[in-house]
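Below you will find one chain, with nothing else, as structure tokens; this is the form predicted on its own, and questions on how it binds or moves follow later.
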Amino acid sequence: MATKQVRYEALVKGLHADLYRYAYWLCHEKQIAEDLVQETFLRAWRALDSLKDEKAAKSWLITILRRENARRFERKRFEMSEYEEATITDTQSLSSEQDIENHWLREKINSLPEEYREPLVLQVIGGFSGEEIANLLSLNKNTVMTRLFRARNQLKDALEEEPEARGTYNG
């Protein structure tokens, strides 16, 4: 039991920040991200004996987190709104030029189709390689690399299309 506790504490200490960043990226709400991470670590504790390779711990935990996030929607029915959340922005919270750029980039990444967005977020936020992303998403590595390439190109095209609109926030 003591070695299980030590292994678990090492996982939490080493990977909590990465899991939280990814969870926040998925749900965009601090409390929900914290709940997702907590539930992920709870499930990880229960199944810790099934983790044989410590090098695979991050991928294993991300997989658990993704499943936990999916569980949030299993029984939940959402009311449709006339307005898309992405079109309603709080410009008062954008305090600096960097905040504006970050907000713009998040919007553009969120507007990507999920098949391109998810591998990109796993690579940028999670720090996963193409092969690791392929394993996490149960895809071929070449498919993942193609999707990453297309996602980056779509972001680049968006950057080239909107330089004037992005500059108008600067005053």
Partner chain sequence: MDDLQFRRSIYADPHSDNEELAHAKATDPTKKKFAQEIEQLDEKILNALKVPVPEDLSERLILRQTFKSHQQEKKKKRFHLAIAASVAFALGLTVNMMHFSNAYDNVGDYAFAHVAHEAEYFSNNGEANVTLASLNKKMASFNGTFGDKLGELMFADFCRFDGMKSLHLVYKGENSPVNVFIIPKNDHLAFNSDFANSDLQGKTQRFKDANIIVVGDKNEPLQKWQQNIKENVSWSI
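Since we're looking at a predicted model, the values are computed, not measured. Positions refer to the first chain, counted from 1.
Although it is not shown, the form predicted together with its partner chain is what the next lines describe.
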Whether Glu161 contacts its partner chain in the predicted complex should be assessed with a 4.5 Å heavy atom distance threshold; does it?
no
Please run the contact check for Leu139 against its partner chain in the predicted complex: heavy atoms, 4.5 angstroms, yes or no?
no
Report whether the minimum heavy atom distance between Thr146 and its partner chain in the predicted complex is within 4.5 Å.
yes
Give a yes/no on whether Ser50 approaches its partner chain to within 4.5 Å in the predicted complex, heavy atoms considered.
no
Arg21, Leu105 and Lys156: each with a heavy atom within 4.5 Å of its partner chain in the predicted complex?
yes
Residues within stretch 104 to 138 having a non-hydrogen atom within 4.5 Å of its partner chain in the predicted complex
Leu105, Arg106, Ile109, Leu120, Val121, Gln123, Val124, Ile125
